[in-house]
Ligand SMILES: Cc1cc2nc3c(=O)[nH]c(=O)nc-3n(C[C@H](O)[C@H](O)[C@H](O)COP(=O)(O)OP(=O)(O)OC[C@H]3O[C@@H](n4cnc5c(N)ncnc54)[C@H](O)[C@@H]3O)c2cc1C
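First comes one chain, alone, set out as C-alpha cells in the form predicted on its own.
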C-alpha cells in the first residue's frame, strides 16, 4: 500500500502545476524480480544531472544513451571560439560516470516506442520503466532559404563539437579581416546571450591583432535578449564601436554563398565569414514520439511529458518559459531524478497548493577575456498560473564575474563528470 506523503517543498516540486496529483508508479507495478530500469537519453548537462542523482539513489539500473565518446561543453565555448582556450578546456571523459555503474550505450536513438516502453537504436531495443530525455536542440534550417546547401560553410556551433568549425572561421577572419556576420534569432533558442558574447570576444581579438574589418551583428530582435540584459549588452558594445556594427530588427531571409550575401528584413548584407545562429526547436525524436511539436509539451513543476507521465523532458528540448541554459538543465535533471526515486519507493507525489520554486540558472556572458556579465535566473510556479521568472543581472561587466565564470564552470563539470 502506498502511503501519502505530507506535501513538502521537495515533494511539491514534482507535482503538476494544474493541481492534478501525479499517479505514483510503485515498485510492485515494475516487478519484484528485477531492478527498475531508467533510461536517460543525452549525455549533456541535463542528462548528466539526472544520471548522477539516479546512481546516488541506488534504486534503479541506469542506462545513458549518448553517441559521442566524450563530453564537450557548450557553456564557456566562446573562449575557445575566440582562441583564448584550447579545445581540451571544454572536453571531458565519461570514465568517472562509467565507474559509478552507469551502462553507457554509444548509439543514436532512432525511435521511442511508447506502447512497448522501449528506446530503439540501430542495434537494440532498451526497455524502460522511466525515460528521461535531454536531447538538446535542432536547427530550423528551412527558415533561411539556401542555408541547407551552405551548411558546411556556415557552422552554427550551438551543439557540442560544432564549435571547432566556427573556430576555423574566426581564425581565418582574424588573419584576413573583412566582414564577419553573427546573427541572433528570435527566442526561444539556446543561451540567448551567446551571439553577443561571441562578437565581444572576437572583437577583443581584432583590437589586439589590429584586424581590419568589422563584425556585423544581425539581430532578428529589436534589441538584445533577454530584455533584462539589453542595457548592459548595448553599453558593452560601445567599447567595440570600431569593430562591431549592431543592426537590430534584421531577420535573415536567405543566403547566397556564391555572392557571399544575405538577404535580410533590413536589406542586403555582404560577408566574408558568417556565424548564422539559426532558429531552434527540439530534435525530431520529440515529434516522432508524439511528445510535442516545436518543443516538448511538459507539465511544470515536474517536467513530465503531457502525453506520458513516465517520460520526463529536461534541458533545451522542453517547451517551458525557463531559459534554455546548461545550469537550468542540470538542476532540472537532479530534480527529475529525485522524483523518479520517490516514485520507485512507492510514494505518491502531492499536488502543490501554493507557489513552488523551479530550477535556478546561472549564466555568464563574457565581454572581454577577463570580464563578464553574471545573469542569475530564479523562477516559481503556482497552481493554475504561468511560471514567473526573475532575472538578476550585473549592471556592468566586471572582473569578479569573469573569475566567477571560470570557477562556476570548473565546479559544474566536476559535479557532472568528476
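Numbering follows the first chain given and starts at 1. Nothing here was measured: the structure is a model prediction, and the numbers come from that model.
Although it is not shown, the form predicted together with the named molecule is what the next lines describe.
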Inset, instruction - Would you kindly say which of 158, 180, 196, 303 lies with a heavy atom within 4.5 Å of the named molecule in the predicted complex? - result: 158
Inset, instruction - With the named molecule left out of view, choose which of 166, 191, 206, 278 has a non-hydrogen atom within 4.5 angstroms of it in the predicted complex. - result: 191
Inset, instruction - Mind telling me which stretch in 309 to 317, 144 to 152, 333 to 341, 258 to 266 gets its heavy atoms within 4.5 Å of the named molecule in the predicted complex? - result: 309 to 317
Inset, instruction - Classify residue 92 as contacting or not contacting the named molecule in the predicted complex by the rule of any non-hydrogen atom within 4.5 angstroms, answering yes or no. - result: no
Legend entry - Contact of residue 68 with the named molecule in the predicted complex (heavy atom, 4.5 Å): yes
Legend entry - Contact test in the predicted complex: residue 362 vs the named molecule, heavy atoms, 4.5 Å: yes
Legend entry - Exercise: residue 226 in contact with the named molecule in the predicted complex, heavy atom 4.5 Å: no
Inset, instruction - Any residue of 106 to 137 with a heavy atom within 4.5 Å of the named molecule in the predicted complex counts; write them all down in order. - result: 107, 108, 109, 134, 135, 136
